[in-house]
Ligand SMILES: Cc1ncc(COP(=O)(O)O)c(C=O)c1O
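The chain that follows stands alone, in the form predicted on its own, written as structure tokens.
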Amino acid sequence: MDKYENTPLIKALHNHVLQGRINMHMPGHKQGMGFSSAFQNNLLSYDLTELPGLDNYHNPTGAILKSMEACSEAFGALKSYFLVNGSTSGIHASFLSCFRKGDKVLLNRNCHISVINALILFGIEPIFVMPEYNKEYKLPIPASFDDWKNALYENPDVKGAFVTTPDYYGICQPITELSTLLHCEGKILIVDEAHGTHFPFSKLLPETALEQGADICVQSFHKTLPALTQSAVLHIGSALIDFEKVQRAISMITTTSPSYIVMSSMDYARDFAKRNGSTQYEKLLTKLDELKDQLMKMEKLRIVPDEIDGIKRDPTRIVIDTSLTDITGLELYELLYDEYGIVAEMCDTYHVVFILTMSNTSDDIAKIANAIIRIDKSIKNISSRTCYDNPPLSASISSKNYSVPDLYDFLGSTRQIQLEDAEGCVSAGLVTPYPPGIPLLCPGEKITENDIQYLKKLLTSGFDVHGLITAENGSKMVRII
């Protein structure tokens, strides 16, 4: 490494790898553990371009097309398209190909930031369907079918619905009834299934979006399968979707120099999961059941169950709840990182989330159990602090008082105001605690006192909040319309 004198990123990556930490985060290959040695050894030599025999991403007729067809077969799709810019590009291509400027779409409010950006880019008006809230575990849970049905009947001019399932905590929105209702009304259903790419490969996992009637679903291979970061796929599940239009949309927003190593890793991940997934997930889930049995005996920390209010969670996603203790999710995350060498995927005020995949070992799981149980025993008191619901999505959000701003007004807005003085102002930007990347404030939303207090609490606790501006005096500013 001495010859890399001015390479701060390489040095940071090298130092992190040397620490030998336990990866409980994406990507799913866990620093190459999920790849065969043959694939790893050849990976850089696969970094090629559109040469004879290697096909063309934007006009696939050979190897890329055959790989995407194998992907369709494995996932039960009518058509599948590789995405080399992550699920974000698939979400944007879905909006671009299925809706027109000014169209209305039903949308769960706790969606990913990429969805909000799609609304602004393409001028789509959302009809937000608010999540419910589980007070016991301080978690947002999916809106009920009745909420979606009422939103549809109150807004019969919507073109369809966009649903995120599972969410970052592994909570799965049931969508079979919703897809049936939408189709009866001539509407389409698009699903952000970025965190559920592994579902098709074991009957022990939740049903997939395609199995439940989604017309389009977008999946991030790199989150839970052995594939490189930015690996994702858009699947078409019904003839209601114009295949050619989707392909044109994907091509419009994708580089003309697509990565062959990213695409080859998707080819690898699909083949590996298809051949080995059933056996591998049975073994993984058996180990995780043992882990959960151990963690259920904790006295202060809690493991979030695999079902909440009758709604299933992804059993491979371990979520630890700190709400009954005097430590925050951030403090637990840092304890695990600093003292035990365990790197979780994310944390929020009361939770730490671990992503486990086929690439994790029995030793990884044993070390998680040991660390969390030891921390639980070290906590002296049950919490005396006042719980603060997370996050306080504004009850004022509705189709009557929310409108996506014009793209160029959004990009060009320069007016800033101190966060403390912003009550009643309209946000011109996305204000997003990240992760999990769920916007607290969207462009066009009115800022409430509850929003301000929640953001101040996050900042005081050391959380990273994107979208706020730091003034020269250190105060936090928010961009407003």
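In case it trips you up, residue 1 is the first one in the sequence shown, and so on. For clarity, every value in this text was computed on a predicted model and none was experimentally measured.
What comes next is about the form predicted in complex with the ligand, which does not appear here.
Among 249, 91, 172, 182, the residue placing a heavy atom within 4.5 Å of the ligand in the model of the complex is 91. Residue 87 is the only one of 316, 212, 87, 360 with a heavy atom lying within 4.5 Å of the ligand in the model of the complex. Using a 4.5 angstroms threshold between heavy atoms, residue 168 counts as touching the ligand in the model of the complex. Though the partner is left out of this view, residue 114 does reach within 4.5 Å of the ligand in the model of the complex, counting heavy atoms only. The ligand is not shown here, but in the model of the complex it comes within 4.5 Å of a heavy atom of residue 164.
Among residues of the shown chain, residue 194 is one whose heavy atoms approach the ligand to within 4.5 Å in the model of the complex. Stretch 106 to 114 is the contacting one of 106 to 114, 362 to 370, 234 to 242, 407 to 415, since its residues have non-hydrogen atoms within 4.5 Å of the ligand in the model of the complex.
Residues 220, 222, 223 are the ones in 198 to 228 with at least one heavy atom within 4.5 Å of the ligand in the model of the complex, listed in sequence order.
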